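Below you'll find only one chain, the form predicted on its own, shown as structure tokens.
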């Protein structure tokens, strides 16, 4: 286990034995170590606000595919079917679905024509941090089901070349389906593990939406409250670090990496970036440009690299989204 993480875990376990934390965890159905983390980062009142927010279902949100349709026209078409939409402040192509209309969101003619993607507001923000450009070579290291892959091509007007990697044969079918449904053409789908499969080097940008505990999707999947142990978290952190190290090896000098994780755990966010900054001096953190709160710099008595403050966090109780961590990195080898 990563030595720094091992020290933190001992402190987490000790805090989780606090009767007050155990009562709060039992009330909402969480493992005690998770609530101990929330209290450490947010304080008691903030932790309770988060736990309450996670009890409320997410309002559905969609991302308009403005490569195919004007977003105003899409809004009009869906409202003719009885839907009520409200534009998001960010991203500009996002809508909150305040009331459903005729048919399911995934069964409308507009959906089948590729005019929108059903996606959480935090998730659809991540590709903006990558700032992809036409003519670039871009790798999405964990691409299924396709939300961020299709958005990269949407932002580049289908003029970048995207290498979309997915290791699950089952999930790769949904990735291909969404890329085709939304009528993008400039992509290569690779079936394989991004840690081992041959991938191009000297690429312009890499998106790593890393495999995670999924702690950020508790509002959609309450089973995540108790599905992972601290030992699971240690394994996942190690996988995330290895994947990010592979991403660093793929980009050209001056290339950009965006690392994200659908989790609220600092062990899957700031600790991964802290470790990379310590072990890869060619990497630095850049402003991500998203409406997120700063990264956590102090955690259970451990002071992390100050630069992780420039990473971002989306919180259910603050942003009314899934929980997400995001960080934009630049690699300079000279």
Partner chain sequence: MALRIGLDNVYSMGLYVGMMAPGRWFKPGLPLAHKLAPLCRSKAKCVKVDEAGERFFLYGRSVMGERVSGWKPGLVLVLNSRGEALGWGRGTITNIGGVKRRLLEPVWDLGWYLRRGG
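From a predicted model like this one, the values you see are computed outputs, not experimental measurements. Positions refer to the first chain, counted from 1.
Not on display, but discussed next: the form predicted in complex with its partner chain.
**Student:** For the chain seen here without its partner, which of 229 to 237, 172 to 180, 89 to 97, 212 to 220 has a heavy atom within 4.5 Å of its partner chain in the predicted bound form?
**Tutor:** Of the options given, it is 172 to 180.
**Student:** Just give me the single entry in 254, 198, 82, 134 that has a non-hydrogen atom within 4.5 angstroms of its partner chain in the predicted bound form.
**Tutor:** Selected option: 198.
**Student:** Exactly one of 129, 190, 155, 142 has a non-hydrogen atom within 4.5 Å of its partner chain in the predicted bound form; which residue is it?
**Tutor:** Flagged contact: 190.
**Student:** With the partner left out of view, is residue 77 within 4.5 angstroms of its partner chain in the predicted bound form by any non-hydrogen atom?
**Tutor:** Contact with its partner chain, yes.
**Student:** Do residue 72 and its partner chain share at least one heavy atom pair within 4.5 Å in the predicted bound form?
**Tutor:** No, residue 72 is distant from the partner.
**Student:** Does any part of residue 109 reach within 4.5 Å of its partner chain in the predicted bound form? Heavy atoms only, please.
**Tutor:** Heavy-atom contact with its partner chain at 4.5 Å: present for residue 109.
**Student:** For residue 185, is any heavy atom within 4.5 Å of its partner chain in the predicted bound form, or not?
**Tutor:** Judged by the heavy-atom cut-off of 4.5 Å, residue 185 is in contact with its partner chain in the predicted bound form.
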